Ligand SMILES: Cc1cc2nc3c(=O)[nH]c(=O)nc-3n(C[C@H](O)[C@H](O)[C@H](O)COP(=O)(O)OP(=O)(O)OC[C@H]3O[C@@H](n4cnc5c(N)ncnc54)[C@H](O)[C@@H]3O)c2cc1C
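Here's a solo chain for you in structure tokens, the form predicted alone.
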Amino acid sequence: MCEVTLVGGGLSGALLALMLARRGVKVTVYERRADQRADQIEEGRSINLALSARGIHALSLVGLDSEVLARAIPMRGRYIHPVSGPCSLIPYGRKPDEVIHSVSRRGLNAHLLDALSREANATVHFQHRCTHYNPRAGALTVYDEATTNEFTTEVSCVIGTDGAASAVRDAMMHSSRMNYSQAYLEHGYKELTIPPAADGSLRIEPNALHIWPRGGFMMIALPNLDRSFTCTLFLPHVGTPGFDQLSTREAASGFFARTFPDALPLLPNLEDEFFRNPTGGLVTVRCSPWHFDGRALLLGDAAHAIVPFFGQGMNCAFEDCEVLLNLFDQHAANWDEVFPRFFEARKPNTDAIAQLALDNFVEMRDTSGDPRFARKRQLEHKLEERFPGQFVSKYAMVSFHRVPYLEALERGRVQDRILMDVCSRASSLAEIDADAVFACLHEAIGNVS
């Protein structure tokens, strides 16, 4: 029987383990955290994720898509909150099913772990942290945090699904000529909470991703099942404004009163949460290659961590799992063939979604409140309706279809340049000749299928 050891039992690790176990592979998973299903974290207080087409498709391959979507909240578009004036909803798509879904990270992980626990071929060890790995010798050292016992076990194949700070990647870097880079944004993030109203009702529109774009920084909010919203403030670490300037309760509340006036009444615990919750960093990780012979592989954030501004980190990692298992099936579990082919297939696309996520941060914080951007979205929907199967917007290619990320990046850049130019010269959609715009796009990039 083929045997695989996974380091990391988070979202991608649990899904990959489930896929492998159902193919008759004996899977052992070491996860450094405690079992989240037994953790009494209040629902709605964990980080939200945006589940879209790629992630839903991967979940459908293990029969969990309907179960997960039943506990998700559809978001139809971006709900824009200006400093003053009316709010507006900019739909993501033109069809009722073109939505993204707000899901609980903890809840989704629990679904996957529950399914994995029913597989005879899979064993998960919680509170087991990888402290050393020698891919040449096939030796994995693990520290059991519950018993404080450290042990070394022989492993024939290790897949690192242990996130952006991957211990497996660190070990591979010391055993091979791996290229590695990490790039932090000047921005950090802090999570806050909009609780339900006193009567248990919702305080703001539930079926939308709320954005307070402020040019250079922003705040967003995603809905939770308990009728709360998880807010995330993205702000430079240093500067004016910057987290370093918000060192007192008065400074923090004053900043929100000036900058997010409609949000301030929605955040009754603002000052307590602001100083209790940590300020996180935003990093893009790139490395190559992701494999060592047929003995070790990196997958998900361990190979290609990205910033969260296209909502594709989880979706991309789930697509990794699908691609890897397709290659596993094609090459009869020959890891010497599978691993390099996986790297060659995924590396250009993960580099592309990393760039798309960085680009989308600028769009969300700087241009999403611009009337020209709203016209651009309306024009995209008009083109999709008028030329079905021939025009697909960049956002739709990434979120509602499974077009390769690299193709979405290349075509999307051309589309964005042309459409923003057109919308900058028109004061309304009625002034724009859709046929002429499509002809220009067709000449620039050909049909988008």
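These numbers come from a predicted model, not from an experiment. Residue positions are given as counts along the sequence shown, with the first one as 1.
Omitted here: the form predicted together with this ligand. The next part is about that form.
Enquirer: Please determine whether residue 312 contacts this ligand in the predicted bound form, using a 4.5 Å cut-off between heavy atoms.
Expert: Flag for residue 312 set to yes.
Enquirer: At 4.5 Å between heavy atoms, is residue 56 in contact with this ligand in the predicted bound form?
Expert: Residue-level check for residue 56: no, no contact with this ligand.
Enquirer: So in the predicted bound form, does any heavy atom of residue 300 sit within 4.5 Å of this ligand?
Expert: Residue-level check for residue 300: yes, a contact with this ligand.
Enquirer: Is there a heavy atom of residue 411 no more than 4.5 Å from a heavy atom of this ligand in the predicted bound form?
Expert: Residue 411: no contact with this ligand in the predicted bound form.
Enquirer: Just one of 372, 249, 203, 129 has a heavy atom within 4.5 angstroms of this ligand in the predicted bound form, so which one?
Expert: Of 372, 249, 203, 129, the residue with a heavy atom within 4.5 Å of this ligand in the predicted bound form is 129.
Enquirer: Among 33, 382, 37, 401, which has any heavy atom within 4.5 Å of this ligand in the predicted bound form?
Expert: None of the other options qualify; the answer is 33.
Enquirer: Heavy atoms, 4.5 Å, this ligand in the predicted bound form: which of 385-393, 62-70, 412-420, 24-32 makes the cut? Say which one.
Expert: Checking each option against the 4.5 Å cut-off leaves 24-32.
Enquirer: Taking this ligand as it sits in the predicted bound form, which residues of 137-151 have a non-hydrogen atom within 4.5 Å of it? Please list them.
Expert: The stretch 137-151, when checked against this ligand in the predicted bound form, contributes no residue at the 4.5 Å heavy-atom cut-off.
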